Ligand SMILES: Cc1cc2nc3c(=O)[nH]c(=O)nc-3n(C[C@H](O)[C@H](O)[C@H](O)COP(=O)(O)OP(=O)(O)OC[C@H]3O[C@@H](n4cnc5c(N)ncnc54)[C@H](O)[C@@H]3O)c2cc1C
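We begin with a single chain expressed as structure tokens, specifically the form predicted alone.
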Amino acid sequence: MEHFDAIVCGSGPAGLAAALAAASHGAATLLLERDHMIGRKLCATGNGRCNFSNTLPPLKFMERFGRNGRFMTDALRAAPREFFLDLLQQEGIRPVVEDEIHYFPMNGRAPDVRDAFLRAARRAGAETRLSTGVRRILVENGAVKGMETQSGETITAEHVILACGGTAAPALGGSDSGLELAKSLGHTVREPVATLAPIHVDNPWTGELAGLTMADAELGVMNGTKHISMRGSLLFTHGGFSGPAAMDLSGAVNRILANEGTARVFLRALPGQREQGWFDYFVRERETVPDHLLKNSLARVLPRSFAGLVCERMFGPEFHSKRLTNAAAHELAHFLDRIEFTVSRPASMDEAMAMDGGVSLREVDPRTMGSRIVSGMHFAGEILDLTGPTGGFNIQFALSGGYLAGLSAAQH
């Protein structure tokens, strides 16, 4: 029967960082991956380019995760962004910043990021095994004693780190295996829904704009009395929306769909403009350029295809600004201030980059990433019920949380 000080389940960013931390601090470490390939999902992130972090300072970074973002305070302190930037550079990977915020490897190759962490972990002494799933965690007197693999092999250990990811992207290895293991230990798991996914709307006219990108739009949803909105680039698709604004909002929308069956999503195509501002704009256009087509006036501030479709649907294709009455101007201004869409079909996990849900944070000690229920058990990465937006947030949290979990396993 084999024995290790720490067993890490999962080889995504959280698992790789956990194995690196545990091994480099003296723990005999085994990294298990049930797939045939290390870090398969990591290699696909950022369209294969791997946006692994961003330039936001810790407080701003945590704010983007919502009210539970402070959970990662100790993780970011134990393994800040700069720690991983240095590690990558030592492994020959030069990080670069794009759009003044997003970190990528300069060569644009996500597998090189995976390989850098894997090399560092192996050099520190971590052993890796592929195609090895976990059947159950062995617990005795409230403490971890090891695990039994799917093949029936028993491996003993004082610490087990579940970094198995979540249910998103099953084609890249996503599954509920880690969540089921957590449940078997008595942990509470909030049922996952897809997030960082497209939003499918019931309004067919959006399909006429498929391929249109708005560089800066606001997309929102009402959750009871709470207003949730995201701002960023928005892509119209044949079935609705994609792009950062939609993907960042998708978790909230899919959670509402799971609870209520339908959701109302609204779009502000010009985020800084409200209803009165739109009304004033159209009145000025009517007075200063009365012979202009209304769709051409609107196209000065919004994408031409969008402006044309809106005006043609409401007033016809050859409608001039001088024909716009105050009542019609109010109607158009009200529409543009809050363009509403109905959503009744959630995104699937096949379409999602992450899941919203997972192991309850109340049952995990943020100082060690350790279980409050089973001694020697740790969690890191997507398996936890804490998901951020697109832009390097989730990989950075996985790396920092994984490193803290591995460090804690080695030191306790």
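Residue positions are given as counts along the sequence shown, with the first one as 1. As the structure is a prediction and not an experimental result, all values here were calculated from the model.
Below, we refer to the form predicted together with the named molecule, which is not included among the displayed structures.
Visitor: Among L76, D356 and P366, does every residue place a heavy atom within 4.5 Å of the named molecule in the predicted bound form?
Guide: Zero of three within 4.5 Å in the predicted bound form.
Visitor: Tell me, which of M62, A27, V343, A352 has a heavy atom within 4.5 angstroms of the named molecule in the predicted bound form?
Guide: That would be A352.
Visitor: Counting any non-hydrogen atom inside 4.5 Å, which residue from A263, L267, L332, V134 sits next to the named molecule in the predicted bound form?
Guide: Of the candidates A263, L267, L332, V134, V134 is the one lying within 4.5 Å of the named molecule in the predicted bound form.
Visitor: Taking the named molecule as it sits in the predicted bound form, is L181 in contact with it (heavy atom to heavy atom, 4.5 Å or less)?
Guide: Flag for L181 set to yes.
Visitor: Even though the named molecule is not shown here, does L88 get within 4.5 Å of it in the predicted bound form, heavy atoms only?
Guide: Contact check for L88: no, nothing within 4.5 Å of the named molecule in the predicted bound form.
Visitor: Would A169 count as a contact of the named molecule in the predicted bound form, using a 4.5 angstroms cut-off between non-hydrogen atoms?
Guide: Judged by the heavy-atom cut-off of 4.5 Å, A169 is in contact with the named molecule in the predicted bound form.
Visitor: If you check in the predicted bound form, is G69 within 4.5 Å of the named molecule, heavy atoms only?
Guide: No, no contact at 4.5 Å.
Visitor: Within 4.5 Å of the named molecule in the predicted bound form, counting heavy atoms only, one of 306 to 314, 186 to 194, 89 to 97, 160 to 168 shows up; tell me which.
Guide: Contact-bearing stretch, as computed: 160 to 168.
Visitor: Going through 31 to 49 from first to last, which residues have a non-hydrogen atom within 4.5 Å of the named molecule in the predicted bound form?
Guide: Residues within 4.5 Å: L32, E33, R34, D35, K41, A44, T45, G46.
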